[in-house]
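The data below hold one chain only, encoded as structure tokens and taken in the form predicted on its own.
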């Protein structure tokens, strides 16, 4: 057996953890959670967090996602101590650049009698499988070790002739593959459940289990923290550790993430890429906070954690083995909470940046970074109106943009207003008359003037406000109406009330 497995570090040995994504697409919730838990544990233990790109599967490899994944991690505030762009003492940190390393270790294992060349073609292996299934009536087939029994001179001849080959690990017979997982406890699998699996493909590239194990050994990874879907890979990787007589890391497999309905997490549950969450207006600190709640809990009641809280309180032993449930509404609530806690100066900068990218114009001029100063006074006034109501920056931007665009009426709301046209016309006419003669066009002055309509017509102000909101905002819901009217300004409000009267007439 390999040397004794490590225990959770409490002594002088430095913790080294890694996040090792395959560049097959965007960074999603599950992978981001894995990266964050590794990062948290490294911070908690004052260890090192390593980013390694597992890009040896050429059939699935895409170059662009590597930058997207790194950009998403940086946006989340997850920075690494060693990686493809930062370097380190254990590089290269892209597996596609480590081919010679894997070849060397495979050669060592062959020389030690722990692996062997396999010259069986794909066609021959398919025939073997089919023959076995027909003869035994079973779908389970494992390689029969034909090439393991080849004579040494035959192997040398095949290599000399350039016959394509793979390299297979020689799995020991009747061997107990045992380890203790931090989350799932003691796990034991008999080696009889594993065939002599391939570690080097015929194209010279390593398989996932071989490259991951070799890299974890060479990069001195002390703790492997990854998703539960990798649990079935662990016995194979332990066999590679055994063959190389290396010490096992501590294994921690994180629970699966399901939707609120208990089904596999998907887009219909609100699971989108981290980049998409950013574009939708989620804050990195809110997303980090929510990631921490997916499978880990400090207690049964605390929901909001700062990054420092998480670093101080995080523990692998508090990870739950039950599947975590992704609740998009809870994430929205949490994001709204962080927006409300944000200093208004900071929110002003974020909102201004989004407004400049919203393709809006004022008096025929597009709002850009260069002329944003023209609308900053209004944005400063808008923020207090909407800060307590919005849940994302995109929602905040969409409301803010409406202050500068031409009015766009909600058709069903306007049809509802028209169902009592006479009352609507009367209230609009009263509002126009009052606002034209008002000197103090502050929200206090506007409120005092408009509330008099309620007294004059002997109806609740809610009905009055409904008509005025339709005229000046065009929708059932708006930011606080008096503050909204103050920001829109006297001329705009009067013009909109005039247009509304024309539409009703």
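Positions refer to the first chain, counted from 1. No experiment lies behind these values; they were computed from the predicted model shown.
Heads up, the form predicted in complex with ligand GLU isn't pictured, but that's what we're talking about next.
Only one segment in the set 222 to 230, 191 to 199, 332 to 340, 420 to 428 has residues whose heavy atoms sit within 4.5 Å of ligand GLU in the predicted complex; it is 222 to 230.
A heavy atom within 4.5 Å of ligand GLU in the predicted complex is found for one listed residue only; from 175, 208, 184, 314, this is 208. Residue contact check for residue 54: one or more of its heavy atoms lie within 4.5 Å of ligand GLU in the predicted complex. Residue 20 belongs to the set of residues with a heavy atom inside 4.5 Å of ligand GLU in the predicted complex.
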